[in-house]
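Let's start with one chain on its own, the form predicted on its own, as structure tokens.
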Amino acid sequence: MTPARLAVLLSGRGSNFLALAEACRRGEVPAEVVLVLSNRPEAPGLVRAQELGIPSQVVPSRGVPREEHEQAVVAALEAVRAEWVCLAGYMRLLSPPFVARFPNRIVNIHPALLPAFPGLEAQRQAWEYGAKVAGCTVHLVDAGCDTGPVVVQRVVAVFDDDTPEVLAARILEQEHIAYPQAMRMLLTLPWRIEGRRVVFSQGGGGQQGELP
């Protein structure tokens, strides 16, 4: 199988990008990261990409009209022939036209068990609500905010003496497991979308990791 070409979009430290890149390096995910792109020039994830020898690019979003910014991002992705777009802490809501350029090929990880606690500071939302379990969700991206079909979820307990920061750290450990797991499944198993779920099978039917 030819390695899939992944582009990672990030706005911050990029720890999930590093987890993906390492899984690709170990051969656990049959893919290569061909570009790391950020809307923030100060994003630490860009430095980590450079240290790993992975091409990186900044497409600033501050003060730029949304359509113009997204056109520049799409151009950068198409220039490297990206087949999949992996969001790793990318603090931008993608427009329907952007999503339509990569149908069912944009993946995001969210630090909550969707559909509970979408949006920002999901870990704090769960803690403040008094949830007894929390976790993370890897999902395909649609035109909504954290509403796309679920690929993988991992659960963590919420303890009485947790703080939002302690809970977030525990969830992050599971994110680093869930994202490579999800990409490996999407790239190696037949799958189909049923409602809000991505359903996998060991053979026969469904979309696979290979581009149609």
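Computed from a prediction, not measured in an experiment: that's the story for all the values here. Numbers follow the displayed sequence, beginning with 1.
Another form exists, predicted in complex with a small molecule; not displayed. Remarks below refer to it.
With the small molecule left out of view, the stretch that reaches within 4.5 Å of it through heavy atoms in the predicted complex is, among 58-66, 172-180, 30-38, 156-164, 172-180. The contact with the small molecule in the predicted complex, taken as any heavy atom within 4.5 Å, belongs to G119 out of P103, P115, P97, G119. The closest non-hydrogen atom of A134 lies beyond 4.5 Å of the small molecule in the predicted complex. Residue contact check for I109: one or more of its heavy atoms lie within 4.5 Å of the small molecule in the predicted complex. The shortest heavy atom separation between E70 and the small molecule in the predicted complex exceeds 4.5 Å. R13 belongs to the set of residues with a heavy atom inside 4.5 Å of the small molecule in the predicted complex.
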